[in-house]
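Read the single chain below, which is given as structure tokens and is the form predicted on its own.
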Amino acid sequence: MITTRESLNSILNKYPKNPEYLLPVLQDIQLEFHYLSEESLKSVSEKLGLPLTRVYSVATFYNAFSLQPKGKNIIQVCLGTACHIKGSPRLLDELVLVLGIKEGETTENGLFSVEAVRCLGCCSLAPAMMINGKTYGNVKPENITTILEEYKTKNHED
């Protein structure tokens, strides 16, 4: 079995010791572990020869990065104007109820994280949400459980 440390080293070893690779390294770590741990940021700092403050600065600047563990499935609910008017706050309320977590949190089993975003760029599909990059449009609160079941089943088979 591959350890977390081995996986991290595998990512770091793909890149030369050059500060210009900071973003791709962080992206690969985020993709693999679903967040950037303190250990991984220190390793990146050492590998690329960058001050740890610089690595943290980049990691906290971009919304794509998280310093907290995220779920295997990232649910983004659009709260932009069109979606808000069409009822997306009710979608967020339903997700919070069904998953038993607040916006910005991750389920205990690590399967789902819920985020509110300002725009998914699909206003004509309002209200919309996205799970792992797959867009769901014209969503009604009563559709949430069915949509989540698809991911519970898929992740159970993995």
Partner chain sequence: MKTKIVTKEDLDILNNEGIHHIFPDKIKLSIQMGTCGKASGAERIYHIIKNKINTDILLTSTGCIGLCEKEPMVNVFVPGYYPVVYCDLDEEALEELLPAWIQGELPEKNCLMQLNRTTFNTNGPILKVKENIPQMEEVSFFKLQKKIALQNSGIIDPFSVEEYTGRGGYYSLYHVLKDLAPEKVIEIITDSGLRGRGGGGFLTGRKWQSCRNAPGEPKYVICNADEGDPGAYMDRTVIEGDPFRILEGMAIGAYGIGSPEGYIYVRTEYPLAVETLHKAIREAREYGLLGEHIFGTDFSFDINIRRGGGAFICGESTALMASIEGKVGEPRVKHIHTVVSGFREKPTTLNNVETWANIPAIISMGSEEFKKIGTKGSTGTKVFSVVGKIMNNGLVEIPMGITVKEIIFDIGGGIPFGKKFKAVQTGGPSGGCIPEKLLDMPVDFDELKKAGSMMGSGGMIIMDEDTCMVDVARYFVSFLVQESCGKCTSCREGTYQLFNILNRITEGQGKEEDITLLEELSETIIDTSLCALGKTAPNPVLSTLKYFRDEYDAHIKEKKCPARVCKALIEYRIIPEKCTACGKCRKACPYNAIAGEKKVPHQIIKDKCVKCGICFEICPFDAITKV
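Keep in mind that this is a model prediction, so the values were computed, not measured. For the two forms, the rigid core is made up of the largest set of C-alpha atoms that agree within 1.5 Å on superposition. Numbering follows the first chain given and starts at 1.
Keep in mind that the form predicted in complex with its partner chain is not shown, yet the notes after this line are about it.
Contact annotation for residue 130: at least one heavy atom lies within 4.5 Å of its partner chain in the predicted complex.
Although the partner is absent here, residue 86 is a contact residue: one of its heavy atoms lies within 4.5 angstroms of its partner chain in the predicted complex. Using a 4.5 angstroms threshold between heavy atoms, residue 69 stays clear of its partner chain in the predicted complex. Using a 4.5 angstroms threshold between heavy atoms, residue 12 stays clear of its partner chain in the predicted complex.
The partner is not shown here, but in the predicted complex the stretch 82-114 reaches within 4.5 angstroms of its partner chain through a heavy atom at 82, 84, 85, 86, 90, 93, 94, 97.
After superposing the rigid core, the Cα of residue 25 is displaced by 2 Å or more between the shown form and the other one.
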